[in-house]
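To begin, one chain is listed below as structure tokens, in the form predicted alone.
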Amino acid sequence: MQIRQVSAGERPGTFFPLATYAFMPSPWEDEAREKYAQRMRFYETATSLLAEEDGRPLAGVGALAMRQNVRGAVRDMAGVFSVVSDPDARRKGYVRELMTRLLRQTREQGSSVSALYPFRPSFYERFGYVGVPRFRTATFAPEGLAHLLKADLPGEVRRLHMTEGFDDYNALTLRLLGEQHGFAVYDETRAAEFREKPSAWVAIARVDGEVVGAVTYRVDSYGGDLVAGDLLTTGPLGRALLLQFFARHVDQVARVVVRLGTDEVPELWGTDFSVTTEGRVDHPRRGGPMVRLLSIDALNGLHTPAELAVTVEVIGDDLLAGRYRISGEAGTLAVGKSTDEPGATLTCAGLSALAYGVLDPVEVVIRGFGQVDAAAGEVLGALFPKRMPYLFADF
């Protein structure tokens, strides 16, 4: 078995059979390969590794060049995708070897964090990944927002084809990248594909010319559902404008289904407002995302409210292993090598869980991601207060 990196142009002849068999209905139609090949110009900046035996593709993994906000600092991120294997090659360690090489290579290429959507979380936990929240969906009848139709809100909402509204939509995502913990975006090469989606509407909310909200959507049928993507807003006014826009569909659709981050509380959008809010995770189709640090340097500059310090030792991970002093200084974290006795011994998943704010030190110990003494636990909890990330991007 040999492993090599393949270009985007090579993917139709190598990754296509593996990826299509893994993720699509099969057997596939002849034109499916041509459609796949046409999309490859949007993957020129992706890293794709392939395992072959006698020239036959057996397994592959890929990483998209992305960026992510981690506690207020934007980091280069490897968005792992296309983890695929021929049925004949499964359970033989090929994907394990590919993932090990991919993580090391993407770190060498400059990524300091990584994220993925798992087919089985326990598999990726072995590579240092830890779970973060999956988006929620809110489902409601538009008449529940009737009160907004009477509201005289400053601003306006315009409905555009994505081909027309992409620049404004993309600019909003880049703004939110700098503001929202966990938010992740593609690089320009990959993001360009979404400009070419004429089947998608985008509603753009503006106040005094400034974009304050955006949501992609489609209408399934008259009397059916309006199915929306993520409700992206800069604050309450942007949300209200977009919800008012949904309310205007009261005599057209029966329900609105929209995606939300965990900080949204739809039941507070109105009085006597009936809504079903669901966070559904099952495998392999609807896995919650997972994240990990690829470099200890990713912690430098993260926002923290505490001016404390602690020494930790990271074990069981080739990329992060070592002993470090983590301290809060003037509102940001600083990390350096240390020879002091550690107050906490953490796996990569344990340190990543603290960095992303999804577990506190007690939960890290309960989950089996490390050992933390009482004094170190208090400091780590202050340096890394819990804070749920909102990943946004699917890949």
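Position 1 is the first residue in the sequence shown; the rest follow in order. These figures come from a predicted structure and were not determined experimentally.
The discussion below concerns the form predicted together with a small molecule, not included here.
To test your reading of this chain, name the stretch in 80-88, 273-281, 235-243, 197-205 whose heavy atoms come within 4.5 Å of the small molecule in the predicted bound form. Every other range fails; the passing one is 80-88.
If the criterion is a non-hydrogen atom within 4.5 angstroms, does every one of K92, P118 and R126 touch the small molecule in the predicted bound form? Yes: each residue has a heavy atom within 4.5 Å of the partner.
Within a 4.5 Å heavy atom cut-off, is A22 in contact with the small molecule in the predicted bound form? Residue-level check for A22: yes, a contact with the small molecule.
Using the partner position in the predicted bound form, report whether R159 sits within 4.5 Å of the small molecule, counting heavy atoms only. Contact with the small molecule, no.
Do R286 and the small molecule come within 4.5 Å of each other in the predicted bound form, heavy atoms counted? R286 lies outside the contact set for the small molecule.
At the 4.5 Å heavy atom threshold, is H303 in contact with the small molecule in the predicted bound form? Because no heavy atom of H303 falls inside 4.5 Å of the small molecule in the predicted bound form, the answer is no.
Ok, R104, R96, R248, R218: which has a heavy atom sitting within 4.5 Å of the small molecule in the predicted bound form? The residue in contact is R96.
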